[in-house]
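The chain below stands alone and is given in structure tokens; this is the form predicted on its own.
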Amino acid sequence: MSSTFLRFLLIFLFTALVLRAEERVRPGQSVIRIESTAQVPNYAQPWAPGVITASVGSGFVITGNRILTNAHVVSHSRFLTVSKQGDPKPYPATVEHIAHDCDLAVLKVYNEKFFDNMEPMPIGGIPQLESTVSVYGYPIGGDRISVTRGVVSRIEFQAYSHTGADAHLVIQIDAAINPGNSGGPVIQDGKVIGVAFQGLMGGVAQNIGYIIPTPVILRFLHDIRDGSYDRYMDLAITYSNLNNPAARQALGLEDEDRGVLVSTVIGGGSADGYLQVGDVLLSIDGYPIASDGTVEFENENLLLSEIVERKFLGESVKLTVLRNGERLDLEVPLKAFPFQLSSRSYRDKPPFVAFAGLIFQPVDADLIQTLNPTAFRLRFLFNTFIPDGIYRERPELITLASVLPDPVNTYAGEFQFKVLSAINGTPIYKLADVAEVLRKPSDFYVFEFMDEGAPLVLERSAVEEATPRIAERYRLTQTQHLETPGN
């Protein structure tokens, strides 16, 4: 038997095995096209219903006749339909669970006929570096399924663009993730090893895509088993690396490249009352913590936060710390991070209070991104809200986000994007305080802001005269919405 024949035989057998593996998954039947009609809130006009948009994404069938996809594919959806290869009929679907912090969602299709001749896709593990994967989906809104191949080039901890603040494990591949690919399965050896979810933005590099790996997927699916999503757990601390030998010596550490220094403990977070600023974290759940904050976990060097991220509400983490030269063993009960100010929230309607053409709103990532205020003090307070502990006194930062021009508020423009501190002498800590104070009639309404300068003053009779006029002129259908900010 010739070597050429053997070579071709091996190639044939390998190809057959790959095709058989992918046939077991049946991606042609189990990969779903998702069409979403969404209504996106308008933070510049929070009383308005929002803009209607249409988009296409991908998903795939999992156990329980459910569809797994990205949260950003179905965020703000008002109407969803799903279709499959070989059956162009659209089937209505609904969002059963959504997790913005890890950009995943589960859809439910109530017509069981949709799942005829379809099988749930098996979920595998983390692929090896330099191994090949296949990305399935409906990119650029196409009607037929698309398959691209790429090589796993990196496994790391990275920010998820959906909220702009949450960071989890990601896998980088050398294949582009285009609009429409989002939510589609990434397959290797007949099993799903990730969900396509974002590409590299800004034109820095081409043919780079990122996928959500199976540890994140499995955690999400486990979390929703009780019918609700509890979000990711978080120690709610910041820490500094201890690579400097002099710093290690000053803290009484041995030269073994182990330990990180606790810099901040967020009040109300998991570690509050357990860890202290100045503690040195030496190990987490028995895994030694290197001086760069990594642990060797599942044959990878991952940030210590990955250990916490595998946990669920009600579970705890064991820490060994060095405090004032003494080693302590602590067990810390875990909960979700208490503040979501820096994360996009994807509320259906922005919270606001309108009064005499003044629109007051809480400062959060959605408002910052939409209105892009240039006020230095507002930006500073937003950026330091958690690190400087401003939240301890003020659960929310309330700003005069916009002014609907009218004779009653002629001089109010100079107060735009200032942070409200008091109304009629009553301190303002959250948006509900604004609504409560303004419900009480007063001869004058005095608005004080968090900086030096004269307050904004409105006269009661002028406000009463202007209110219906402003409502009619600007189609102000409601004067307040007090939904609490957060994911």
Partner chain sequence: MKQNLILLFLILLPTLANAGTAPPPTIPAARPDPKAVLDYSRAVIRINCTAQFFDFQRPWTKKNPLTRRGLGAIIGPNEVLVSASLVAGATYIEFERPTSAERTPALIKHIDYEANLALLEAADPAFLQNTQNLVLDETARLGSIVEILQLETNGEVAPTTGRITTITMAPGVIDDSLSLLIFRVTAPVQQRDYSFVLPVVKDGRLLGMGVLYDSRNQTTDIIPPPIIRRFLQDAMEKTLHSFPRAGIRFTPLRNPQLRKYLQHTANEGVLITGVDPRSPAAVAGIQKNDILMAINGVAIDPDGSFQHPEYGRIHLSYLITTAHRAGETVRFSLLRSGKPLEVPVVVLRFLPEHQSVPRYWIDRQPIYLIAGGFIFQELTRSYLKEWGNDWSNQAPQRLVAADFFQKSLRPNGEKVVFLSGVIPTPGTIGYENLGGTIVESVDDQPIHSIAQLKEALTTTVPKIFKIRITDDPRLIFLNSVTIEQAKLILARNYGITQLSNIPTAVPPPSQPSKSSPSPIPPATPPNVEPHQSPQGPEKPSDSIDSPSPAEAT
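Being a predicted model, the structure only gives us computed values, none of them experimental. Residue numbers count along the first chain shown, from 1.
There is another form of this protein, the form predicted in complex with the partner chain, and it is not shown here; the text below is about that form.
Exercise. Though the partner chain is not shown, can you say which of S161, T81, N243, S316 has a heavy atom within 4.5 Å of it in the predicted bound form?
Worked result: It is N243 that has a heavy atom within 4.5 Å of the partner.
Exercise. Exactly one of E156, D87, E414, D348 has a non-hydrogen atom within 4.5 Å of the partner chain in the predicted bound form; which residue is it?
Worked result: It is E414 that has a heavy atom within 4.5 Å of the partner.
Exercise. So in the predicted bound form, does any heavy atom of R377 sit within 4.5 Å of the partner chain?
Worked result: R377 belongs to the contact set for the partner chain.
For this session: Indicate whether the partner chain has at least one heavy atom within 4.5 Å of a heavy atom of G267 in the predicted bound form.
Result: G267: no contact with the partner chain in the predicted bound form.
Exercise. Is F444 close enough to touch the partner chain in the predicted bound form, meaning at least one heavy atom pair within 4.5 Å?
Worked result: Residue-level check for F444: yes, a contact with the partner chain.
Problem set entry | Contact flag, L438 vs the partner chain in the predicted bound form, heavy atom cut 4.5 Å | It does not: once the partner chain is placed as it appears in the predicted bound form, L438 has no heavy atom within 4.5 Å of it.
Exercise. With the partner removed from view, which of 257-265, 117-125, 170-178, 395-403 is the stretch that lies within 4.5 Å of the partner chain in the predicted bound form, judged by heavy atom distances?
Worked result: Looking at the partner contacts, the answer comes out as 257-265.
Exercise. Which of the residues spanning 381-412 lie within 4.5 Å of the partner chain in the predicted bound form, based on heavy atoms?
Worked result: Those in contact are T384, P387, D388, V408, Y411.
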